[in-house]
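A single chain comes next, written as structure tokens; it is the form predicted on its own.
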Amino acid sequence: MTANSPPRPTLAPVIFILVLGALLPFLLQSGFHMRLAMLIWIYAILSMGFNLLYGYTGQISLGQPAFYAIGAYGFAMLQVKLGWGPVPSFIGTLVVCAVVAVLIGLPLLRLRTHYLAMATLAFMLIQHGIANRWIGFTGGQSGIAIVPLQWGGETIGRTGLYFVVLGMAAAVLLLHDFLVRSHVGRAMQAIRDDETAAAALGVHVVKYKLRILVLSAVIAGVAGVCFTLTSLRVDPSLSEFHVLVSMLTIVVVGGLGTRFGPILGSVVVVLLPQVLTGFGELETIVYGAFILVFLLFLPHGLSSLIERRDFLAAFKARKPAGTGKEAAE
């Protein structure tokens, strides 16, 4: 690293976020607030997968809610229909998500831009239709219920369940941060900026795109498992348009293609409706106006404020260029 190069991103912000998350159960005073905290982590997990795929690799895939639902349904059905335990069901669910991602990724990744977006959106609609209409397999609108998570024969309480979700979110956050700070992250950004130029520089474009699609699908499956653990029921609403809209809003509010955008955006998207309940029937209008104003004044998301501070710190840390006389000396 040269004297003029910016400081390398560290793990300190990640550790701070996780420590703050570990302290939350001792600061919250009701089960409702605890559920909101778990929902923030679940949406953050879902959005981190989408951030890797779209924010860093530039692949406009709208099929993430489908993998979110597949993860939830797979975890529930492996337990209810096959009698598997939670751990084998979790592993089996992630394998299913990865296999489905490979099967749809091989043909769909030949598409680009809005063609890829429409194709993956069609995949989400197909998954939603199966979940809604194949009543004998998925339970239809009634969905599937599972028993609460247990440890040593005892049901895990709400606080223990929160730490299970936090542990999964921590693993995804560390993986997300490692990838974006490594050579893989640089390869993904090269693909996003110009696939032809990336290929000319030696980046195996197809391989990277498929691997990131599979990884994002697995991460979405993890989010689906977390939702099933907290709600104890899955139904077709997991892949409805409101989930897609929430995910897109999160990455826009938090910052697309940033390290911490999914977490910051999840906090806003989950908590803002609770703040706006006092507006009654005007809640939706106020929410939409807030998003519009946000896009006008912070188009790069909340993470841009953090990155701006990092940039200023790096700029101040640089040595002054000096005068011509000093340079000669």
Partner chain sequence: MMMKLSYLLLAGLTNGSVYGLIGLSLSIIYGSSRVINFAQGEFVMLGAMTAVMFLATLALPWPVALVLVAVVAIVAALGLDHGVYRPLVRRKAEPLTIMIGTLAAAIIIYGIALLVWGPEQKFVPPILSLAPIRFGFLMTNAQQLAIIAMFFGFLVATWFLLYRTRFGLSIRATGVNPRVALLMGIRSERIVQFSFMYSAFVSGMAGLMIGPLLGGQIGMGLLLTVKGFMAAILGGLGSPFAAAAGGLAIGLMEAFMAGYGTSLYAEPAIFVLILLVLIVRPYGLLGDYEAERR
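Positions refer to the first chain, counted from 1. In this text the structure is predicted, and so the values were computed from the model without any measurement. Basically, rigid core = biggest C-alpha set you can superpose within 1.5 Å across the two forms.
Form predicted together with the partner chain: not shown, discussed below.
Asks: The chain here is shown without the partner chain. Which stretch in 74 to 82, 87 to 95, 156 to 164, 113 to 121 comes within 4.5 angstroms of it in the predicted complex, by heavy atom distance?
Replies: Looking at the partner contacts, the answer comes out as 113 to 121.
Asks: Going by heavy atom distances of 4.5 angstroms or less, which of V102, A170, A145, L125 would be at the interface with the partner chain in the predicted complex?
Replies: Going through each option in turn, the one that passes is L125.
Asks: Would you check, heavy atoms only and a 4.5 Å threshold, whether L296 touches the partner chain in the predicted complex?
Replies: Flag for L296 set to yes.
Asks: At the 4.5 Å heavy atom threshold, is T284 in contact with the partner chain in the predicted complex?
Replies: Result yes; T284 sits at the interface with the partner chain in the predicted complex.
Asks: Is W151 close enough to touch the partner chain in the predicted complex, meaning at least one heavy atom pair within 4.5 Å?
Replies: Residue-level check for W151: no, no contact with the partner chain.
Asks: According to a 4.5 angstroms non-hydrogen atom cut-off, is Y54 in contact with the partner chain in the predicted complex?
Replies: Yes - in the predicted complex, heavy atoms of Y54 and the partner chain come within 4.5 Å of each other.
Asks: Does anything in 48 to 69 come within 4.5 Å of the partner chain in the predicted complex by heavy atoms, and if so which residues, in order?
Replies: Residues within 4.5 Å: Y54, I60, L62.
Asks: Does L36 move its CA by 2 angstroms or more between this form and the one not shown when the core is aligned?
Replies: After core superposition, the C-alpha of L36 moves less than 2 Å between this form and the one not shown.
Asks: After superposition on the rigid core, does the Cα atom of L271 shift by at least 2 Å between this form and the one not shown?
Replies: For L271, whose C-alpha is compared between this form and the one not shown after core superposition, the shift is less than 2 Å.
Asks: Align on the rigid core first; then say whether the Cα of F26 has moved by at least 2 Å between this form and the one not shown.
Replies: Where the cores coincide, F26 shows only a C-alpha shift between this form and the one not shown that is less than 2 Å.
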